[in-house]
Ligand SMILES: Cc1cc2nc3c(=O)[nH]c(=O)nc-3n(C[C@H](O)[C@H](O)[C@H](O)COP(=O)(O)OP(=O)(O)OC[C@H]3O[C@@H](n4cnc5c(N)ncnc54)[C@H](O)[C@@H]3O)c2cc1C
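Encoded as C-alpha cells, the following chain is the form predicted alone, with no partner shown.
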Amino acid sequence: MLGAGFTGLTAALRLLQTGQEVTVFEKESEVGGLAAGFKDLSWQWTLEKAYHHWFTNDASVLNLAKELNHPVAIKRPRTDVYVNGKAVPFDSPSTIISFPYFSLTDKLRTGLGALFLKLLPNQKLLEGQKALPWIRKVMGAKSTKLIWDPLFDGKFGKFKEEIALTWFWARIKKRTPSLSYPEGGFQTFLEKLADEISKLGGDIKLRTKVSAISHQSSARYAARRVVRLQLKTKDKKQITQNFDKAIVTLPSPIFAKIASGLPKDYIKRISSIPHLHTLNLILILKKPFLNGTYWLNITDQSFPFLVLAEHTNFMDPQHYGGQHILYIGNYLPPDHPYLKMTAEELLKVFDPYLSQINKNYKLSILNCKLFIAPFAQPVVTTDYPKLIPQFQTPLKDVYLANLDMVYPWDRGTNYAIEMGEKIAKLIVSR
C-alpha cells in the first residue's frame, strides 16, 4: 500500500479483516495524507493542516467512526458570503430569501435553481454541461455576478468557464445544514484507525518513500511475476521489496512518474487532469476573528484569498487552550508566486484585506503556520469523465486509487474511505 491517507488506511483495514497481509508505506512522519494534523502543547485536540469537516450524510466515514467507537460531534455552524464589505448569511432557503442584494426575482431564481440541483437524484442529466453558463441562465445575471462567478474564479482561476455542471451539482447535492467532526480532531481519528490496523497485524512504515514501482519476474520463483518497490527508508537506506499486489493512493502524476512500463497514452491521459495546490495560512489568535461565522466565502475579487474558516466558531476553543483558530484558504495553480512565500510574507500580503474585516486582529495574533498541499484539487471540466483512471492500471497487480476517481463527487475524506473499501473488495475478489 502506497500512502497512509484515508484511502490507503481504509483499504488496509478491510484487507486485513479478510486475512490478507498488508504493509503500508508513507513518506511523511505521520499518517493522514491531506487530512493530517498537528497539535500545540497547550491543546487537547489536534488540528488539521487544511480545514476539514464531514456532512451528516457522509455515510462511509460516519460508519467507520461508529465501527472504531470514535465519538463524533454534530453542530450547525454559520456560513456567510462576503459581499459589498459585509458578511451576509447564505446557507439556507431562508437566508437566500432574506439576502439584501437580490431582488425578489433574483431570490426566486437562485433558490429554485439550487432546489432543482438538490432534488435531482443523480448527475446524468447534467453531463457535458458547463456550470457557469447554466448558472447564468437559470439563477440569473445578478446572482452569478455577486456570488458564483467570484467563487468559481477564486477557486479555479483560468479554468472557471470550463468547470462541469456535475461538479456544482455535487456541491449542492451533498451539503447538509449541520456538519460533523471527529472529537479530538482528524489526526486523532486517523491514529485510532492506524492502531486498529496494527492490532490486526498490519505494518505501517512511516518516513519511507517509494521511489519506483515495477512488475517483473521473481528471481526466486521463475514462473511468478511480482510487484517490486524501491524504497528510501527513514534512515536513508535504499532497499527493494517484492509484493504480490500494490495499491497506489498517490496522486496520478506522481504514480506516472515512479511507475515503470506504463504505456505513453495511459501516462498522457492520467497526467492531463489539471490539479490545484491548496494553501492554508493558519492564524492562532487570542480573540475571535469573525463574529460567530464558521465559513466565510470571499466574493470580492480584489481579495487575495478565497475563504476564511474560523474553526473555533465550529468546535469549542477550549479544546485548543482557549485560543481561536482561523484558516485563510486558497486554491492555486502550481506556478503561483504565493506558493514560494513564507507564512510571514503571506500575512503581509493578506493583512490589508484581513484588516477590512477585523481591523484589530493583529493585536490578537499568537502564531501563524503555513501548509501547502500539491495535487489537492482536481479540476473537473466537462471532459473529466473521459480522463478518470480505473482501479486496474496497465501494470499487472498494480492498482490506483486516488481522489481523481471520486467523480461526480468533490474530493473529501468520506469518498476516500468509500474508495478504500471498494478497492479492497476488488483485490479480494481476484
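Computed from a predicted structure; not experimentally measured. All residue numbers are counted from 1 along the displayed sequence.
Same protein, other form: the form predicted in complex with this ligand, not shown, and the subject of what follows.
Though this ligand is absent from this view, in the predicted bound form it lies within 4.5 Å of a heavy atom of just one residue from T249, T293, S143, T166, which is T249. With the partner omitted from this view, the residue of L400, L403, L64, V380 that lies near this ligand in the predicted bound form is L403 [heavy atom within 4.5 Å]. Relative to this ligand in the predicted bound form, residues L47, K286 and L326 are all farther than 4.5 Å at every heavy atom. Annotated contact segment (heavy atom within 4.5 Å of this ligand in the predicted bound form): 205 to 213, selected among 337 to 345, 89 to 97, 71 to 79, 205 to 213.
In the predicted bound form, at least one heavy atom of T278 sits within 4.5 Å of this ligand.
Residue contact check for Y384: none of its heavy atoms lie within 4.5 Å of this ligand in the predicted bound form.
Mapping the unseen interface onto this chain, F152 falls outside it, with no heavy atom inside 4.5 Å of this ligand in the predicted bound form.
At the 4.5 Å threshold, heavy atoms of P408 stay clear of this ligand in the predicted bound form, well away from it. Along 345 to 380, a non-hydrogen atom within 4.5 Å of this ligand in the predicted bound form is carried only by A376.
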